[in-house]
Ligand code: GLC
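As structure tokens, one chain now follows by itself in the form predicted on its own.
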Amino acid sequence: MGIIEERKKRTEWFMDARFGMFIHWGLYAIPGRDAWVRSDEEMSLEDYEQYFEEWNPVNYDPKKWAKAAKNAGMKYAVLTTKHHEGFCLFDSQYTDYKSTNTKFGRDIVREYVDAFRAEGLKVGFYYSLLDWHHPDYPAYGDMYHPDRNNEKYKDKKRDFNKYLDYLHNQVRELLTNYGKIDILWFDFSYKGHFAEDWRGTELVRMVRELQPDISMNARLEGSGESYGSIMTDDPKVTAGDFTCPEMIIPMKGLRTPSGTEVPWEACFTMNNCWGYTPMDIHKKTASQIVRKLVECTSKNGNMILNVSPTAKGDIPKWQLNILEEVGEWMHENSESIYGCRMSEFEKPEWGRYTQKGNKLYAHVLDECVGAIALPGVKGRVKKARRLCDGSEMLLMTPWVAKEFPGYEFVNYGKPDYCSFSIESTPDNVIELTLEDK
């Protein structure tokens, strides 16, 4: 079986799930100025050490997190086991810079895995390829290291192979000590650090040996701005199983030059920051999130939505409220998301189509005046029902639409030109049952 065929098999469940939770959590929750605070402010390791000494998230309860994810309609989660700062949320034998060595004294990853599995959710690990704490990771002159401009480190000798041994050993721990893991989310490659610079082929072979069914992202080769060889018809071993556009949705579904579909997952924050940042008030609404989830699904993609727990271990209340609202919509309409994909029909101007077999889901995102014209389905629709409650929609051409014989029309009731307002829902979904071609 070739790389593309293996990839398709490994990502089958993933591309059916469509919706997941990202969890960015680490020492950076204490300063509360996003996950990149140490790099952005070129903060010394000595100054950052205070957060390690202080770390004690007494309210950490992953069971609550897991319930929030499940109730929102999410099917999987990915936790930052180690972000760029180098602090490990697991009990690694290769470092003292870990949660079990803090006042808190607990293996956060262990509890996360147990809690999310108990809710029936798939479990994923994020692991940063960068490490601003390790003594052998390049510092002076690096693009992102907090000490990139610190003359004190200009002539300091570093053995990058020692760091790579550390990286590989920690990945082995994560994929050995916590049972079956469903997703491995590396972050990220950049100039001078691509694929084989990480001893990538060796790393991937170890991953496949330890967890043959795991879905791995494409950032051993790429980053948020480039996807790597996964977008070609001859992907490398290091290409990964899915690519992950960041804070953007591709214009169309992603394909290789020959037309082979490429699995993808768009990752989004709820405000503008990945880590806990209380002063960032640019909050997305539940309606925005639902609409973007629908857009991803309609283009054969997933969406993973980030939460950013506080230093005490709580998912912020405003984020929980949004998840609850999204969950209310998903409770009634998730059949138009799970297992769905790009439709065989053109995008309608009033919204989007998603499709699963002979079920075509019309996501009406605009308010309607009169009947809704359904492009591309003339003569194919057997019946129409509102997905949220199963109520009948009328399939009839209103007298005012006689001049448009190429369209099927669906009506919310009589009179057959009645209007529909979407003030009460971000997306009204109509389930259309299709005749075979």
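Note that residue numbering begins at 1 and tracks the sequence as displayed. The model shown is predicted, which means the values in this text are computed figures rather than measured ones.
One more form of this protein exists, namely the form predicted in complex with this ligand; it is left out here, but the text below deals with it.
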{"item": "246, 173, 324, 196 - the one with a heavy atom within 4.5 Å of this ligand in the predicted bound form", "value": "246"}
{"item": "Residue among 290, 207, 311, 267 with a heavy atom within 4.5 Å of this ligand in the predicted bound form", "value": "267"}
{"item": "This ligand contact at residue 22 in the predicted bound form, heavy atom, 4.5 Å", "value": "yes"}
{"item": "4.5 Å heavy atom contact, residue 185 to this ligand in the predicted bound form", "value": "yes"}
{"item": "Any non-hydrogen atom of residue 407 within 4.5 angstroms of this ligand in the predicted bound form", "value": "no"}
{"item": "Any non-hydrogen atom of residue 116 within 4.5 angstroms of this ligand in the predicted bound form", "value": "no"}
{"item": "Candidate stretches 146-154, 334-342, 81-89, 175-183, one within 4.5 Å of this ligand in the predicted bound form by heavy atom", "value": "81-89"}
{"item": "Members of 200-233 lying within 4.5 angstroms of this ligand, judged by heavy atom, in the predicted bound form", "value": "219"}
